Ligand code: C5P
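To begin, one chain is listed below as structure tokens, in the form predicted on its own.
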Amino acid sequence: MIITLDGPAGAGKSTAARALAARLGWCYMDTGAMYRAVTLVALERAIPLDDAPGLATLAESLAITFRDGRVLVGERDVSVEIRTPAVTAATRPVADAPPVREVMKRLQRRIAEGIDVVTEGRDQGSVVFPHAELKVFLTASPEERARRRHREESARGGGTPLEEILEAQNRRDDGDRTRSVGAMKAADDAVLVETDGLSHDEVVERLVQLVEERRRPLTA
């Protein structure tokens, strides 16, 4: 069974997808980590970030897998390296390159073959897995998402004003919705789950409920 979680930044989809997969004992596929892994290796090999064909060739050559919550390229654990500021800053042009997205789409489908998987991103239900048994579009109001990010930053000692976080978030939302490839879009048959006012545990419980509802016809 394939479950897709799409939605805007700050909606909590990564945390929810990871927790849901752990709860079900399924594979969690972090598609953002996959693009970060390609970016990391591209930077190491000095492949220009505007060389879309070169990046696609690189992506095709990499064996990106998930194991026990870790992200591996071959046997190399890159879970920490892909979260550095340098990789974060360089990932967008890699993720925006149409040839790279085509390669990654094939890889994501290959990973999901024959297993139960929870995958999250922006276009997992609308593009990558249009026949997924359950598609969820996880969202929250812009203000709620900005407050969450502000709390996270404050906990890390950051001092960015809430208003600036909201403005930056709105710009990112606009960019994600209007990307030429991989645009953020709810699949036509996606279930909308709004997380305003819900705790993390309540969101996961709602997702588990949706999974159980979809699985009953399959096991009846």
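What you see is a predicted model; the values in this text were computed from it and never measured. In this text, residue numbers run from 1 along the sequence as written.
Below, we turn to the form predicted in complex with the named molecule, even though it does not appear here.
- Contact here is defined as any heavy atom lying within 4.5 Å of the named molecule in the predicted bound form, and by that definition each of R101, R122 and R179 is a contact residue.
- Residue contact with the named molecule in the predicted bound form: R83 places a heavy atom within 4.5 Å of it.
- The named molecule is not drawn, but in the predicted bound form it has a heavy atom within 4.5 Å of R92.
- Remark: G54 does not count among the residues lining the named molecule in the predicted bound form, judged by a heavy atom distance of 4.5 Å or less.
- Across the options 40-48, 151-159, 187-195, 171-179, residues that bring heavy atoms within 4.5 Å of the named molecule in the predicted bound form belong to 171-179.
- For the stretch 31-65, the set of residues having any non-hydrogen atom within 4.5 angstroms of the named molecule in the predicted bound form comprises T31, G32, A33, Y35, R36, in sequence order.
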